[in-house]
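Only one chain is given next, in C-alpha cells, and it is the form predicted alone.
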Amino acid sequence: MKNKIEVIKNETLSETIYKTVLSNGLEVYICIKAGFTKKIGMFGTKYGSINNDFIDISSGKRVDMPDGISHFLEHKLFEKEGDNSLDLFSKEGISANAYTSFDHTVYFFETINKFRKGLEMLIELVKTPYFTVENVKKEQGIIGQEISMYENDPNFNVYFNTLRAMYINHPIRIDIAGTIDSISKIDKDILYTCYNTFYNSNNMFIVVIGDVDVSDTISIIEDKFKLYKKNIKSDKVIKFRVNEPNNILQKKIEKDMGLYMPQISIGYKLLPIEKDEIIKREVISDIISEMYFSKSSKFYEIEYNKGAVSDDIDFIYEGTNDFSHIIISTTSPKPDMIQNDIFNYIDEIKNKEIDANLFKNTKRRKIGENIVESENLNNSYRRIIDSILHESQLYYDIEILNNIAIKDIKDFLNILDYTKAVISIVK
C-alpha cells in the first residue's frame, strides 16, 4: 500500500486505530472493533459555528460571515438536484445524519451489511454541493422555524444564557443555528465561499469504526475521491480568534418561561488552553463530577433532603483552544438556595483536604467505565474526533486517567474563581 499507516494500540481497551494521511491531505482513522456487526463512517470538517472570521481560500481575502452559516451549510449538503441524500441512504437501508457544533461539522452513517455503499455515498454527499437561489431561500424558512423552536426550549435558554453571561465578544454566545436576522444574509455565493474554504481535504477527516478491512477501506476512499475535482486550493485554513476579555459580561440572567420546575446553570469562565491540556481538563472534570456532584455524593444527598434538587447535578467541562468553561446545572424548586449552596460547596472543597479513598475509588471506577464503554462504538469515535480537533495524542485520556493524582484535582478546583462565575435561571 502506498500510504504510510501509523498503528496505535491501546491495551486497556483492547483497541487498535490505523491512521493515515492521503496525498490530498485528508486524515483517515480506522478503529478496528473485531466481531462487531455495526459499522460507522464519519466525514468531518474542522468548521463550526464560531469560525466566521477567516481567509477565503479562493480569493485570499479576509472575510466575516453571518452567524449560523456552518449549520446552514450542513443542512444544504443533503439537498441534491432532484433528490435528498437522506432519502437515498434510507432506500439503501442505511441510517445517516449530521451535526454541527461550535468547532466542527460531521456527516455520518451507520450500517451492518452495506459498509462500502455507505462510505461511497457519504463521500459523494460531502463532495457534491448543490446550492441555488431557490433552495437557499427555502432553507432560510426551515432553519428560521428551527431557531424559533429553540427559543421556546428551557434547556436551550438556560444553557445559552449561561454562555451569554460569561462571554463578551466570543461567537459562542450565539446559537449554533444563528439568528433569524443572520441567516437572512446567507446566499449561495457565501455558501460556496465557506464550502471551498473549509471543505477542502487539508481541513477534513474520515473516521471509520467497526470490523472492516483497513486496506480495502483506504482504497474505497481514494477511489471515490478520484471522481471529484480538487478544491480551488488545498491550503491550510486560516481562522482568526476573537479578542475575548478574561472577565465576565454579567453575573446573572433570569428568564421567566412559566416552568413548573425551574432550571439553573452556573458557569465558571476559564482561560483557554491547548492540545493535551484540554483532554486533561475533561478527565479531571469527570472525576470531580463523580466525587462531588453525583447522586452518590454527600452534597447531593444533603441538597436532595433539603428539597433543593429534583434531578441530577451535572458538572461538565467544555473547551477548545478558543474558549474554556465549567457548567454546573440542575433543576430545582429552590434555585436561589441551590446556587448559594453550590458556590459555598465549591469554596469548601477547594479549601479542604481531598479524601484519598474517595479519589482512589472514583478513579478506579472511571477506569472500569472506560473499559465497559469501549463496547460502545460511539465512545470510540468521540475519542478520535476529540484528538483530531485538539491536536492531542490518541488515547491520551486513558493515559491521563491512569496517572491522575490528587494534586491535579486540587489544582483544577483552585482555578474556579467566583469573580468569573455566572448564574442562569429559567423560572
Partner chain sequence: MKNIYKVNDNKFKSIYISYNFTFETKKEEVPKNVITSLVLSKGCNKYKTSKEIEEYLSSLYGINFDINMEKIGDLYNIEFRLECVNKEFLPNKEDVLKPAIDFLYEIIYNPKIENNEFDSVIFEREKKLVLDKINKRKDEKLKYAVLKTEELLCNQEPFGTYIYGEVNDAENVKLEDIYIQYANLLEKSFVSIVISGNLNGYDDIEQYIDNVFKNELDKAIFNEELINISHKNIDFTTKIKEVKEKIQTNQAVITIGMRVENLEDNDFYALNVYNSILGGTPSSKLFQNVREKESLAYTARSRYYRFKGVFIIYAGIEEINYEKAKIVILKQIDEMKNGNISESELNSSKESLISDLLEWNDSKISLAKLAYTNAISGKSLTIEELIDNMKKVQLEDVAKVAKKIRIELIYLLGGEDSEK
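Numbering follows the first chain given and starts at 1. Not measured: the values here are computed from a predicted model.
The following text describes the form predicted together with the partner chain, which does not appear among the structures shown.
Enquirer: Indicate whether Glu151 is a 4.5 Å heavy atom neighbour of the partner chain in the model of the complex.
Expert: Yes.
Enquirer: Is Asn52 a contact residue for the partner chain in the model of the complex, using a 4.5 Å heavy atom cut-off?
Expert: No, no contact at 4.5 Å.
Enquirer: Indicate whether the partner chain has at least one heavy atom within 4.5 Å of a heavy atom of Asp56 in the model of the complex.
Expert: So Asp56 does not count as contacting the partner chain.
Enquirer: Quick one: does Lys352 come within 4.5 Å of the partner chain in the model of the complex, counting heavy atoms only?
Expert: Close contact is absent here: in the model of the complex, Lys352 is far from the partner chain, nothing within 4.5 Å, heavy atoms only.
Enquirer: To verify the annotation, which of these, Tyr304, Phe156, Tyr130, Phe225, has a non-hydrogen atom within 4.5 Å of the partner chain in the model of the complex?
Expert: None of the others qualify; the residue that does is Tyr304.
Enquirer: With the partner chain left out of view, which of Leu249, Ile238, Met337, Leu86 would have a heavy atom within 4.5 Å of it in the model of the complex?
Expert: It is Leu86.
Enquirer: Pick from 62-70, 393-401, 366-374, 23-31: which stretch has a heavy atom within 4.5 Å of the partner chain in the model of the complex?
Expert: Contact-bearing stretch, as computed: 366-374.
Enquirer: Is it the case in the model of the complex that Asn200, Ile287 and Asp408 each bring at least one heavy atom within 4.5 Å of the partner chain?
Expert: So, no: the whole triplet misses the partner chain.
Enquirer: Looking at the partner chain in the model of the complex, which residues in 406-427 have at least one heavy atom within 4.5 Å of it?
Expert: Heavy-atom contacts within 4.5 Å come from no residue here.
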